[in-house]
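Below you will find one chain, with nothing else, as structure tokens; this is the form predicted alone, and questions on how it binds or moves follow later.
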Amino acid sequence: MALTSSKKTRCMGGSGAGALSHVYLQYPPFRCNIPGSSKMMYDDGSRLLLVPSPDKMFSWPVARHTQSNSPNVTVVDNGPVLGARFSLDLTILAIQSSDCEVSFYNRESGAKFKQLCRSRRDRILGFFWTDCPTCDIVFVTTGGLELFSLAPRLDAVKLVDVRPLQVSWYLYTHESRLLLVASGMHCRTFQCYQFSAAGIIRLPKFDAGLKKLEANRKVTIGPEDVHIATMYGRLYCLQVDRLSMELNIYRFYRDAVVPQGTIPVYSETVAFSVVDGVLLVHQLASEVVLLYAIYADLKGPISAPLPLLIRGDSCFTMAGCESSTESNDILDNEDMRTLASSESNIYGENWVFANPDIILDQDHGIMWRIHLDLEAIATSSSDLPSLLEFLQRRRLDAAVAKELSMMVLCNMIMEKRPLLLISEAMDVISMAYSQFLRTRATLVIAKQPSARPQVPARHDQRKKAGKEDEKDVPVSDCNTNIIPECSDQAQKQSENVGSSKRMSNATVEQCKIAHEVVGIVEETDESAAHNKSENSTGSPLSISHNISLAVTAVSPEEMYHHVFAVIDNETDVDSSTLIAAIIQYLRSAASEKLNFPVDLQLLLIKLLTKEKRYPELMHLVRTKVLEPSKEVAKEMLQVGKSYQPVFMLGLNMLRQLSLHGDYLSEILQQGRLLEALRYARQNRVEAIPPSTFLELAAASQDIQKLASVMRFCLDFVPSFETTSEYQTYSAVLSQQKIVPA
């Protein structure tokens, strides 16, 4: 499928300029050059890039288009840095300096304090901050989990709970709030917890899937073999079986971890990224990327394997990079030459793939961000309805996805694709816009003051103890409440629940679709009915008030202006194909109860008239595919000058719409004067003055008809005898010696 593009990019990867790729790294990257630093770390909780030096911690906020601005600097003690994370309000920096101690630095008050591991026999494997009401920070040790809360004055932590558990290694992502710990002799048993604003949920244990049991008997699974992914509001565990060369995919529910299937891998070493809900499987040995959209059944990749390239807009030049580095002293000419020589070295040995779409090049001090090339994906796709469904789910590049969706529809119609294919595409577009309208309405309701989540009392006390002007800084727009949901079967069994519960479930579903980065631990069929009553009175779903809903859905107005009208203006368009496409869209939009513009209906009438397909036009009117309106009725009357049955349908439409004045005007033009009088009397129409009826009667040269109109006016028009029309036409009748009957 050929798609035109206005995008001007340059490729700088190993495949050379003009090479095609479905994912790319945006040039220029974020680069830092801190003296004495040996590594970079990405804190996904606070969304900060952290670079430690011997006595300082440098941090930059990571946005979609991160610039090399001056970093924030926190003075710390000299020593090793095994791990570092900022609290979610960016107030406290925690640094793990050894396997038994974590140091805390309050950036506002300057307070410093430390916390040792609870047991000397255990080692601290890592830690993370949470927005869970139970605790503020969690230490993951070889002996289990240690949960701490901050003191009201933020100068100490207090142990609130201990979860004994054998831990070999762990994974945690703030996006999902999910902690996965591995245990067992070969680290094949996984235990998961979710720490969210709704509390702590312990998920069932499950074992890693290995097909070749004999060969895998002594294989130990490491953290590099497992990945936590959040895709389209669902939580998944990805586990690599290196001997079978397969990727096992599990989906998390409240009471079970359900295998979703396997997909093949083609490299012994793989890495994972998630960009806008799309799973990227990096085949490191072959240096290609496979894309999977896992929002329904587990299917194959959505595109062919292609390399990862580095791209930059034509407006980015080396001179521009130099100008941005003069003030920040982050880049220099030597660094830029080093970057240019390293661009061909894709998938370097010290590349670190951070969740969800960050790449840290430790060798060169570079942070890359992965992007999807929607235009390349659309160009290489042959399944157009699936492509449209994929584009309609995009959130990061919503404008590009919408433009491509309309372009795909235009090409389908102009290329005369099969009508069944066009119908499927129209269904995708209509359902996506209908879903968008429902989601927008739900967000408006959720943002009402009564629907705002209550701040835990523990945080209220902490704020009162601090400065009065101190405010929490929200750094994550993720929904952190866990709302258990039922599968399709359980929902069918509980159709008789109250309307309030149905509204709650609908709210959850709409918000889940609107914020696809939100991980929700759902229920399976077995426990849905049991937990439904327990959760029916739970707190409403919390939504961050700074969220803007990305709009990829194509409205009916946009379909008319950017698809159908554009095609109609082309000179070599087959009208019959365009007519069929419009009819299919109207049918699809009507099934979703969408309001489509009158201009689209007028266009369809014009095309049918051009083809002289009057019976089909009448059928569309009778079946309400063309909805009654004044504009449609007027157009039908105009067309009816060449085909009388169409004219009569237009008149009937005016009557159905109670447009009495327009209806009377039309029948009066046809000379149906007495019928017009009866209609005006029955419907009490006063829009047309009596003079109009009298003039038409006088022009007919029928004196009896004029007398009938005079009698009508005397009987039904108040004070008619005092008007000039009465005097004029009474004189005419008197000359003929006729008295109004």
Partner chain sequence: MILVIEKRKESGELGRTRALQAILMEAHGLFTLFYGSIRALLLNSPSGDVARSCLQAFLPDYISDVMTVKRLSMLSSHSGLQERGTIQMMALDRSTALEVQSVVDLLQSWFGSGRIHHTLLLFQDLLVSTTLPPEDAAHLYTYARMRLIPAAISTSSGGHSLKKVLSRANSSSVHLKASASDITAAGQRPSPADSSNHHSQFFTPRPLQHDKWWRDNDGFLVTDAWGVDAQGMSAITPTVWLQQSSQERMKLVAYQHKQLTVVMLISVMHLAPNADGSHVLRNQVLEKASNKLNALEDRLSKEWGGINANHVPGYRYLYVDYDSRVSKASPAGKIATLTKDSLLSLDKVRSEIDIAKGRCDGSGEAQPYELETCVRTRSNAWVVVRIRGNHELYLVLERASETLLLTAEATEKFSRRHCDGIFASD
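Residue numbers count along the first chain shown, from 1. Since the model is a prediction, treat every value here as computed from it, not as a measurement.
The next section is about a form of this same protein that is not shown, the form predicted together with the partner chain.
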Open item on the list: Within 4.5 Å, heavy atoms only, which of 166, 623, 78, 350 is in contact with the partner chain in the model of the complex?
Closed with: 623
Task: The unique member of 243, 639, 156, 590 whose heavy atoms fall within 4.5 Å of the partner chain in the model of the complex - done: 590
Task: Proximity to the partner chain in the model of the complex (heavy atom, within 4.5 Å), stretch among 41-49, 22-30, 712-720, 670-678 - done: 670-678
Open item on the list: Is it the case that residue 586, even though its partner is missing from this view, gets within 4.5 Å of the partner chain in the model of the complex, heavy atoms only?
Closed with: yes
Task: Proximity of residue 616 to the partner chain in the model of the complex, heavy atoms at 4.5 Å - done: yes
Open item on the list: Can you work out whether residue 72 and the partner chain are in contact in the model of the complex, taking contact to mean some heavy atom pair no more than 4.5 Å apart?
Closed with: no
- [ ] Mark residue 627 yes when one of its heavy atoms lies within 4.5 Å of a heavy atom of the partner chain in the model of the complex, and no otherwise.
- [x] yes
TODO: Just give me the residues of 630-645, first to last, that have a heavy atom within 4.5 Å of the partner chain in the model of the complex.
DONE: 643, 645
